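Just one chain is shown here, as structure tokens, and it is the form predicted on its own.
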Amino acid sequence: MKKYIFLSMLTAGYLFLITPFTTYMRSKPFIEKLGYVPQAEVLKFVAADQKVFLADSLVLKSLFYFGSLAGRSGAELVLPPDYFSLYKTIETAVKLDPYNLDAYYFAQAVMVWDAKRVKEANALLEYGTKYRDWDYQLPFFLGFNYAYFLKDYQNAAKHYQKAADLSGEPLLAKLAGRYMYESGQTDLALAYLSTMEKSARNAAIKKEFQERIAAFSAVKRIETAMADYKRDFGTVSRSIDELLRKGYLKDLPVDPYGGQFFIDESGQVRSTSKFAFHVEKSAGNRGK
């Protein structure tokens, strides 16, 4: 009898919290629909033994929200994503269910590359490694983030070594010790993105990685042309147009994000898109 009374009180408490919250969310404009998510501690209490289901729902909500904004025309986002709310939603999902792999994939695909919130994503990944202690993928993500984005090679080596120990993959062991000496950062990015794309389970996330692979493959083409030019002339080419005129590039590589590639003062290949889709300007801002 006490059990049924407790369940009735729990249900009533849940409805008390969720009904006004649902009404509020329905009244909000679309860009804010992701909005406020109660703290994980509150949701843990009201969800009882449905925490895994609720975590899945939050991840799906994030995927749907981001995918809806990515109704792209050319290389433009329809609306600017609310990255802070996305992060808080995924963080809550992870705290509800630290075994949810899709949450970590979303953090790695969107929070790292699009939002540039690398340290926050790493915090989620570090949290996940305490639970998914058999899974090489999370330390693999961490190793890449530390090396490629944060230039923290000591932490990168530590996480790559852990990934190597868990997976038995020789490439990861190699990356743990000497990857920065044996390959450029573009090679490292392509190896990482290819691994991510093959193992991604969600179609939208897989597409994100495919677009980045295309972008970095274009960068690699330009870098190879620059290396050939330097070999032949002993100097570094300062423009992509020069590489095209002298036949080191057969055609102009395309940035899938809609930008134009260029060579900066340090000799690094960059794009005006910064490898992110641009937010579409409002009608009032067009032409300014």
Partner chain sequence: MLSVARVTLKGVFRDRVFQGIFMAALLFLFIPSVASLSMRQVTELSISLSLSLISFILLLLAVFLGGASLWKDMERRYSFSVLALPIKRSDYLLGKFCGVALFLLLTVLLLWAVTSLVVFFASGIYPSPRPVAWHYLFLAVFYDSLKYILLVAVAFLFSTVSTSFFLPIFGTIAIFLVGSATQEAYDFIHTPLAKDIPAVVKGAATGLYYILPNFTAFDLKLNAIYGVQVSGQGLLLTFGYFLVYTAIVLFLATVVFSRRELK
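Numbering follows the first chain given and starts at 1. Worth saying up front: this structure is predicted, and the values here are computed from it rather than measured.
Just so it is clear, the following notes concern the form predicted together with the partner chain, a form of the same protein that is not shown.
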Even though the partner chain is not shown here, does R238 get within 4.5 Å of it in the predicted bound form, heavy atoms only? no
With a 4.5 Å heavy atom cut-off, would you call D56 a contact of the partner chain in the predicted bound form? yes
Is N202 close to the partner chain in the predicted bound form, meaning a heavy atom pair under 4.5 Å apart or at it? yes
Mark V52 yes when one of its heavy atoms lies within 4.5 Å of a heavy atom of the partner chain in the predicted bound form, and no otherwise. yes
Which is the contacting stretch out of 128-136, 112-120, 214-222, 161-169, given heavy atoms within 4.5 Å of the partner chain in the predicted bound form? 128-136
Counting non-hydrogen atoms within 4.5 angstroms of the partner chain in the predicted bound form, say which of L63, L249, I263, M226 makes the cut. L63
Which residue, Y153, Y83, F149, Y99, is the contact with the partner chain in the predicted bound form, using a 4.5 Å heavy atom cutoff? Y99
